[in-house]
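Only one chain is given next, in C-alpha cells, and it is the form predicted on its own.
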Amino acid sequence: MSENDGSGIKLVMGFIRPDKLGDVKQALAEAGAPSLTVTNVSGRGSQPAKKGQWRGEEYTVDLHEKVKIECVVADIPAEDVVDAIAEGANTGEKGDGKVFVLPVESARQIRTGKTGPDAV
C-alpha cells in the first residue's frame, strides 16, 4: 500500500453508557454510518466512584461499565458521526462518555484487496 492510501479516512471512537447503545446505533444509521464495531469496556473518567457494602465489607467501584463504539469513515464527514454518537448518547449527566477522532494511515479490505477509502 502506498503512503497516501489512508487519506481522508478517520476512526471515530466513542465511549458511552451501555443503555444508550440502541439510540447511538439508530443515530449512526440515520447519519449514513451503519457500520460499527462494539466492545464492552470499563473505565474511569469524571463519573464519581460508587461505594457499596457486601457481606459487611465496604467496597468502591471506580471503574464503570461502558461500551466502546468504533466507526471507520471515508465517504461521510467524521463530524457527522461524532454528532450522531453525541446526540444518541446524551443524558445530560456525568458519565455520558467521550468521542475521539483519529486519522487512519491506511486500510485494506481482506476479501477484495481494495485499499484506501475504497476499502472502507
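Here the structure is a predicted model, which is why all the values come from computation and not from measurement. Throughout, we count residues from 1 along the sequence that is shown.
The protein also exists as the form predicted in complex with a further copy of the same chain; that form is not presented, and the subsequent description refers to it.
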Can you work out whether residue 18 and a further copy of the same chain are in contact in the predicted complex, taking contact to mean some heavy atom pair no more than 4.5 Å apart? no
Is it the case that residue 94, even though its partner is missing from this view, gets within 4.5 Å of a further copy of the same chain in the predicted complex, heavy atoms only? yes
Heavy atom of residue 76 within 4.5 Å of a further copy of the same chain in the predicted complex: no
How about residue 31: is it within 4.5 Å of a further copy of the same chain in the predicted complex, going by heavy atoms? no
Within 100 to 120, the residues having any heavy atom within 4.5 Å of a further copy of the same chain in the predicted complex are 100, 101, 102, 103, 104, 105, 106, 107, 108, 109, 110, 111, 119, 120
